[in-house]
Every structure is written in structure tokens, then in C-alpha cells.
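Just one chain follows, in the form predicted alone, and it is written as C-alpha cells.
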Amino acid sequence: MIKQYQVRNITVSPGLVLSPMSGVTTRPFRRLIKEFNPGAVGLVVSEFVSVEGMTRGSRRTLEMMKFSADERPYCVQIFGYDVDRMRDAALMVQDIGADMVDINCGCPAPKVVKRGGGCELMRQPEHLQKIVRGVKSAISIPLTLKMRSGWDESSRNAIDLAKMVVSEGVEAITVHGRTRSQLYRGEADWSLVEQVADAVSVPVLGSGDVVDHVSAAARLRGKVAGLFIGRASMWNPLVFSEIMAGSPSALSGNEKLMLQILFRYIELLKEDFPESSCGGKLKQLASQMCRGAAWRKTLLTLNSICEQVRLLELVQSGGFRNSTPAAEELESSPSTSDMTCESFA
């Protein structure tokens, strides 16, 4: 049974959250996941957004925060080091109408930590305290925080940091059970997640290695309030529904359903992105979701969304026969749907 949890006046029901992923959890992807998992996604989180870009008015960065009403409750995750910029960025999140703002203390990427953000903040608890205090004093919406178990095995300080940030007003915490040094290798330590949940009074969510209903059931125990699910949502965009049902997903080996998801994703992508960007986003999902499909390799060789649509239509009609159509042939072949190049203009 998947529980719900409360963050002040916001009910996250069920306690399954689409985790922030850089370049992945854009508005089209979040909407796709919500649509194909009705009633199974309690909260969606933006990709993590740079406070430097936000406060300097970067158009691309500001667009990363866009959301639709059907995504609520919706959280924007911010990352950075400068206290004033973190505070100002959190105010911007509040001003666009988001339901929560989350501070990223868990990103292990070198380009983030070398500038003091992400997991580097776990090595600077006094500075993190200043950030939390500054952000909390500036906003009225709930403040949450995502961290790892620590920087490395010799500095697993998640419990102490959790106590500190809760004392400063953080209202929910997510713990990824790996250290920064592990990156995504090895197994996440869920005993540490449970220890954090036991140590603080706010909801504690767990992250790491939740890939299906079996792994979810094994990890949602004790006082752990819910689960953050990231990479598994790309392998299986129906993973949230699978967890709620407690049985294997209907997606495995189901070509018709794969095509349905891809065609809908294309529709959502073209609402937010230029044609030149849609092809890469589609391949990003298809490369993970369509493993085992005879046409996957061909799709991944095509850069144009128009070519990709025509290939998928060929698959849908039963015309794909394991041969690789030339890109020129796909470009010149007639489209049977309304997803023409002109529809992206």
C-alpha cells in the first residue's frame, strides 16, 4: 500500500514522486508521465535549475520552470552556492505559482559541485545553513531539500544535516542512499534513508534503485514517507502505475503501447520545443524505453523528427521489416498523420 504524505497544506498522494533529472524532466516529459500514470504520481519536480541563470535572466533557464496546471502539485528544484541568488531564485519560483521549492544538495556532477552547488553543500554545513535560512525567510511556500548519504564513505553526514535543515524550516527531505563518490554505482543504502526518517519529524523520501513494484515494496518501509523515481521512468514510463498496482507493467514487449507513448510524447514536445530539439528528446526516451524493439536501432540513427515520425508510422502500419530505410526515403515518404514538419512551425 503506497501511503500519502503531507507537506504543510499540500497532500502528496500517492507518495510517488517523479525525480528531477537534468535534460529529462521537462514539461513535456512530466506531462507524459502524469498522463500515462493517472492517479499514480503524487508530485512532479522540474529538472534542477541554476540560480545563476535564473537571477541573470537567462531565457532558456527561466523556460525550464514552465509548468501546466495539470502537473500540480509541482515543485521546482534549484541549485547554486550564493546565498542571495538562492534566496532570489526561490522567490522567482514562488512568483510563478509553483507549489514548493526544493534545494539540490545531491547532484554529484563535477560541473555542479565545482561551483559549490549540489552535493558540495553537504561538505559545507554552515554555508548550507545560511542558504536554508535565507531561502526560508524569503518565501511562504514550502521548502524541501534533496541530499545524498554523504560525500564519501568517511563522511556520511545525512542524519546530522537532516536535523540541521529541519531546525531551519525545511518541511520534507529526500535522501538518495548513495554517496557523491559512488555517483550511480553500487547499491543505494536504504538503511540510511530509514535512519534519517527516524531522526526527524518531517516526511523523508527515499531515492535510488526503485525500478519496479518489487523494488518499491522492498524500500517503502518504516517511517519512509514515499519514493522518488528517476531513471526507471525512462526505462518504463508506466512504472508509477506498476507500483500502485503491485504487478508488472503492461509495457514490457508491448510495441503498440510503446508507439502510443512515443506519438503522444511527440505531440507534447512540439508544444514546447522547436523542431530541431524534438528529435533528440524523442531518441532520449526511445533509447531507454524501446530496448528489444527491432526498429529501435534505426530510430536512433535518425536526427530529424520528421524522419522519426515516418519511421514510427511505418512500424505502426506493419511495414517495417528489419531493414534500415534511408533517411532520404523517410523524408520523402508521405505522412499518414498530422505530425508533419509543418506542424512544428
Ligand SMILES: Cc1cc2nc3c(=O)[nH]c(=O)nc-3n(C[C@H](O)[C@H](O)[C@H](O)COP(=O)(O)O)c2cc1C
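This structure is a prediction, so every number in the text was calculated from the model and none was measured. For every residue, the number given is its place in the sequence shown, counted from 1.
Unshown form predicted together with the ligand; subsequent notes refer to it.
For the ligand in the predicted complex, the listed stretch (237-245, 208-216, 255-263, 67-75) containing residues with heavy atoms inside 4.5 Å is 208-216.
Although the partner is absent here, E47 is a contact residue: one of its heavy atoms lies within 4.5 angstroms of the ligand in the predicted complex.
Heavy atoms of I173 never reach within 4.5 Å of the ligand in the predicted complex, leaving it off the interface. Interface membership of N104, defined by any non-hydrogen atom within 4.5 Å of the ligand in the predicted complex, is confirmed.
When contacts are judged by a 4.5 Å heavy atom cut-off, G134 does not count as touching the ligand in the predicted complex. Checking M100, I229, V193, L269 against the ligand in the predicted complex, a heavy atom within 4.5 Å turns up for just one residue: I229. With contact defined as any non-hydrogen atom lying within 4.5 angstroms of the ligand in the predicted complex, the contacting residues in 11-35 are S19, P20, M21, S22, V24, given in sequence order.
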